[in-house]
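Starting off, we have a lone chain in the form predicted alone, written out as structure tokens.
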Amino acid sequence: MKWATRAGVHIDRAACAWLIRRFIDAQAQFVFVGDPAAVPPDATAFDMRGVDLSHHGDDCSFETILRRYDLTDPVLWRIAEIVHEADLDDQRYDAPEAPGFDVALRGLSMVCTDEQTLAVTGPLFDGLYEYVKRGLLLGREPA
């Protein structure tokens, strides 16, 4: 399936792409567009104004996708808090990791193409998922 988002990937779009590929569509292909009108007709758009899989209410796109696809994994919801704070910085969640993720993603977007950014951030989000999962299982930060 084809998925489309805005060009210039930052934290929410990178996290959404990882979420889509890892938990919704393992064969996902991503298209990056500068104008919402350029979304291919066979693509599902995300993190763009006016589309269903985007910011709604106080939620970032990552949170919206979790809700739309009924993903209830508590690890994903903890990652959603980090993504939310990195993207919106509205102090809704206690996510001290968020500023670091935001800086890392902004820096990557300065030196990488969107495709490269997704390739680099996929393993980063895989690692974050494992770290959060182990933390929840242990009830403390993993060593």
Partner chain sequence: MEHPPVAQLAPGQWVLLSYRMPREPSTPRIAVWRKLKQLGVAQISDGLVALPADARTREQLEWVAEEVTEAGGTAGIWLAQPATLAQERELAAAMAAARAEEYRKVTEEATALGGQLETDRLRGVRRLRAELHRIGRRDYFPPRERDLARAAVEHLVAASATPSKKRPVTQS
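Positions refer to the first chain, counted from 1. Note that the structure is predicted; figures quoted are calculated from it, not measured.
Below, we turn to the form predicted together with the partner chain, even though it does not appear here.
- Contact check for R22, L76 and L124: none of the three has a heavy atom within 4.5 Å of the partner chain in the predicted complex.
- Residue contact with the partner chain in the predicted complex: H10 places a heavy atom within 4.5 Å of it.
- At a distance threshold of 4.5 angstroms between non-hydrogen atoms, Q27 is out of contact with the partner chain in the predicted complex.
- Contact annotation: D90 falls within 4.5 Å of the partner chain in the predicted complex, judged by heavy atom distances.
- The closest heavy atom approach of S54 to the partner chain in the predicted complex falls within 4.5 Å.
- Residues of 37 to 56 lying near the partner chain in the predicted complex, listed in sequence order, are D47, M48, R49, G50, S54, H55, H56, the criterion being any heavy atom within 4.5 Å.
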